[in-house]
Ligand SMILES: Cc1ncc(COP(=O)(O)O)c(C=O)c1O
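Just one chain follows, in the form predicted alone, and it is written as structure tokens.
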């Protein structure tokens, strides 16, 4: 049986049974996102061949944004003039305050550079800090745009596969050191890890950084999921570990995953090293990328200054979603093995127990389970036989998705 906390939730999904009646925000209600040019819902026919799927794929959530964010956007919209803008003092102070308050990382204003997204920032970093033909290390399986931003900029991918031990990923430092040569110039770190959900410990990050410093390798740390961390774990911003590490890394952050505002296209690059910062800004200036979307800036300020209570309630809800999902898989669908994430709202599921080829697996989940998921192979060779699930949705949708899998497997 499911554990008692989740069993009470299984037939009647009432969030008040999980975290009390004093919750301010409603994460249970289903908001219809169809016909809003929503990538997650409105592209199912194009991408998966049918419309009747529960989409648990692309990494955005099906929850309304925090009230302070929507109110800030409404106030700005009522002004009715939407001309050119720039990052204000409030914008920089919001970022600085958030990094200090939530992550114990003291950031100076001049270190911060606006960017429209973390993936564009990765591309700018590759062009700013490496040359065509240089090698860039990634720790696979990993977020799939890491591959394309390296290849599309005419650099060479070096795979440093993670080791899967005791149900979670670990860095393989011995393999890393074997892969380094004179052409190796950069390592892109995914922290927290997507798709595996690891929240790297300080000693793991320090060992990685020490290897890179000794070999003159710059670390670009994608920390976009850094606020989605579950109890018992703590995200360590790479640049917060020491001054030496801080000056040998670029930290990429955003409020987009945290507050479900990816469509507003606002994120930040944090570079303490003046020479690196100059090179980065010279690169983005070639494309004249320097000012945020007028609504993105307002949303960031409201998110970081006024929306922590929403985030704290979201984390409780997501943690219950995670535990519900893991417990259901373990007890009712034992052919699947779900990796328990320490952070992110993504769960990496080993489906190799179904004994299906990658094509059969995709067909099974789309046409038998009627689910839209991220196929593990897109994250690299090591991801074949896995599927990535997005649990950032009302629990009733998650429950229905799991029931569909259980029913479909019983019929195999």
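Remember, it's a predicted structure, so these values are computed and weren't measured experimentally. Numbering follows the first chain given and starts at 1.
Below, we turn to the form predicted together with the ligand, even though it does not appear here.
Trainee: Report the residue, out of 336, 99, 190, 208, that has at least one non-hydrogen atom within 4.5 angstroms of the ligand in the model of the complex.
Mentor: None of the other options qualify; the answer is 190.
Trainee: Could you tell me which one of 276, 213, 119, 311 places a heavy atom within 4.5 Å of the ligand in the model of the complex?
Mentor: Partner contact (heavy atom, 4.5 Å) among the options: 119.
Trainee: Using a 4.5 Å heavy atom cut-off, are 59, 222 and 257 all in contact with the ligand in the model of the complex?
Mentor: Yes: 59, 222 and 257 each sit within 4.5 Å of the ligand in the model of the complex.
Trainee: Using 4.5 Å between non-hydrogen atoms, is residue 143 touching the ligand in the model of the complex?
Mentor: Yes, residue 143 is a contact residue.
Trainee: Within 4.5 Å of the ligand in the model of the complex, counting heavy atoms only, one of 148-156, 232-240, 119-127, 287-295 shows up; tell me which.
Mentor: Every other range fails; the passing one is 119-127.
Trainee: Which of the residues spanning 148-178 lie within 4.5 Å of the ligand in the model of the complex, based on heavy atoms?
Mentor: None of them.
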